[in-house]
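Have a look below at one chain only, the form predicted on its own, in structure tokens format.
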């Protein structure tokens, strides 16, 4: 193709790149999106993972919390996000801790059954009233120019600032809650996709913060139609505004002056952008710029399943439809989390891997074909904690991690999960596992880090962070992926902020 010039070239067609492209194109800018894969969406896609099985799984990303309603409204994105009534269920012996968002009395009774007279239910209410306050204050700032530390501290207030921003979250949780099960439920939000010690490492605090502030409510919602429905809607918004999207176009190099070299089926080409927005991990951007990249390390095991029926529970007072429609915690008490982290830090796959499971098809049956719906089948997603990339270098490590994780699940159910798995027409069970190294191979994420690199505080820590938290050392190059400040999961926030950095400069 001939050498071409654009107002902005977006490298990467994940959800953040699509958000940036849509904002810029709506403002009348000429925008080109280059995506290496043959489809848009990055990790926010829906896939029929098992041949012959009509189930559209959100294969990598799976829930939506951080995506601001303002972005959806601004871009005219029509996708339904359904709230889950049940926040979580945590088996504990022959009973369990059920957090019911519509029945406070049932939640209180569940706390009493699990914790006795520890007062943890009242402590829970006070703690999450604090996080709700922080969410209401912090979430609106995420689409504004980057505040400094003092400004955000003034918004949050001294008590919440001390307990969520300055003291290790593990220390705060141990002080506020007495029961090991309750402590673990709280701590999981500090560890999802993050290998950290919550008793000592403020990285866990940053992870916790992003998991509780989503769009001012902290709710984790199910995208109807799967994650692919969300990114399809974002792509439609960008295309209808006039952006150009090319899939199968691998970026080979980025020059600080705005030149982008890419390769597609027609060969190598060069385009120039007034700005280049990198919806890429910072390590990938550094490599494309000819700089020395960092080496992040992801930490998770993602297991996708289709079950012929929901597994039976030990607790007779809770139905499987209730327990699995929210977050189903598996061996995630505080002591079990600490033991698994210690084993992983020593280079061993945890003996009893902590994990959490979700059944999306209970909230959104549309992701199943009619036959599966009628049969009682469901999708099941499992996210395993304390599974850093370093554990998967040895042959067979993925298979061993999967075996131990499913065995861990079995310890909290009334029957083996394997007995519930649907069989594909080939006879194979519908279960697949993805490690950090798989994400590196399949999606180009260095170290398989789902947040692209360690999460950052949502305020400026130095003058180098720039007005929007997306700036780089090169004025024409902006970072608009999850590795930007105020990045992280499926949010669109870095895409919005990179677009604003262009439009308001």
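Positions refer to the first chain, counted from 1. Everything numeric here is computed off the predicted structure, so don't read it as measured data.
Keep in mind the form predicted in complex with a small molecule is missing from the figure; the text below concerns it.
- By the criterion of a heavy atom within 4.5 Å, residue 62 is counted among the residues contacting the small molecule in the predicted complex.
- Contact check for residue 35: a heavy atom falls within 4.5 Å of the small molecule in the predicted complex.
- The closest heavy atom approach of residue 288 to the small molecule in the predicted complex falls within 4.5 Å.
- The shortest heavy atom separation between residue 41 and the small molecule in the predicted complex is within 4.5 Å.
- Stretch 53-61 is the contacting one of 458-466, 471-479, 53-61, 24-32, since its residues have non-hydrogen atoms within 4.5 Å of the small molecule in the predicted complex.
- Exactly one listed residue, out of 251, 307, 359, 412, brings a non-hydrogen atom to within 4.5 Å of the small molecule in the predicted complex: 251.
- Contact with the small molecule in the predicted complex holds for none of 184, 204 and 385, as no heavy atom of theirs lies within 4.5 Å.
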